[in-house]
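Coming up is one lone chain in structure tokens, specifically the form predicted alone.
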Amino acid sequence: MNRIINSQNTSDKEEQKVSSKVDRRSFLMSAGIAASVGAAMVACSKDHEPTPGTGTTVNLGAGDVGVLNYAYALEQLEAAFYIQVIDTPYDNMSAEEKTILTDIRDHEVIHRDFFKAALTAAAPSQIIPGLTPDFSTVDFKSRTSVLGTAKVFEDTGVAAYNGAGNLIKTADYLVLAGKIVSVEARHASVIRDLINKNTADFAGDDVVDTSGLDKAIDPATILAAVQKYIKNPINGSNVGK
């Protein structure tokens, strides 16, 4: 997380580039503070997770374990995506964009490892394996493709946490999920701002309704939407039951 703290020391010229209605670096620095709840429990390793055979259906399980596995699966996907984004930057990625995307990568790795640690402690025999991502539809050399996919992942992630909140029975898990979804919402906003700077799209009416509430989508719908990005078939029919 030192990268987030050290980001305050960028040059004046770079600060002028970053400045807008919302200081996107400070925005993510705040998100990093919230994400540190997971850092206290697990190391921020950037290594790829081991992967199982891609033809075997992964069953997320039931009850709180199913919800944790569900979140773990989504965080595996996001972490793998941002690891790839930073490993193979798109053409003409600016210094500002690289720093922001690197910060997001680090947050997602923390989230992934947090859920792995929680499941290892609570239900080691029921934790799902490392998943195999499928990013064949993403052109990692294209800014439009990468940021467009990031927007889908972040908006989907927020809606997924919101939709799973009412399925969590353990209060401690619910509190932690609330802290993580707030970070995901910051990610969603900053990605939207990178795509359409200085507009109201950071909280567009496609994700925030007229009551000022973000979308909440059930696990079955979320899993159907992200399945094309994961080679392993996933069964989440008992999540939260």
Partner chain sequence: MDIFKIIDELTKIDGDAVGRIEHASRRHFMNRVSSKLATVAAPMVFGTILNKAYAQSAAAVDVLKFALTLEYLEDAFYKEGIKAGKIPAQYLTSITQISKHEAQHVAYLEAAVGKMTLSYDWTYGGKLTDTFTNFSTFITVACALEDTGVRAYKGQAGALMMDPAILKVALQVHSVEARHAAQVRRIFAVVNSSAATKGWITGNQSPIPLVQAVYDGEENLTQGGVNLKGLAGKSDAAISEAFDETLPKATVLAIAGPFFK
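Only a predicted model underlies this, so the values are computations on that prediction, with no experimental measurement involved. Positions refer to the first chain, counted from 1.
Form predicted in complex with its partner chain: not shown, discussed below.
Contact annotation: of the candidates 74, 110, 146, 80, the single residue with a non-hydrogen atom within 4.5 angstroms of its partner chain in the predicted complex is 110. In the predicted complex, residue 188 approaches its partner chain with a heavy atom inside 4.5 Å. At least one heavy atom of residue 96 is located within 4.5 Å of its partner chain in the predicted complex.
Using a 4.5 angstroms threshold between heavy atoms, residue 142 stays clear of its partner chain in the predicted complex. Contact annotation: residue 153 falls outside 4.5 Å of its partner chain in the predicted complex, judged by heavy atom distances. Although its partner chain is not shown here, in the predicted complex the stretch 206-236 places heavy atoms of 207, 208, 209, 210, 211, 212, 213, 214, 215, 216 within 4.5 Å of it, in sequence order.
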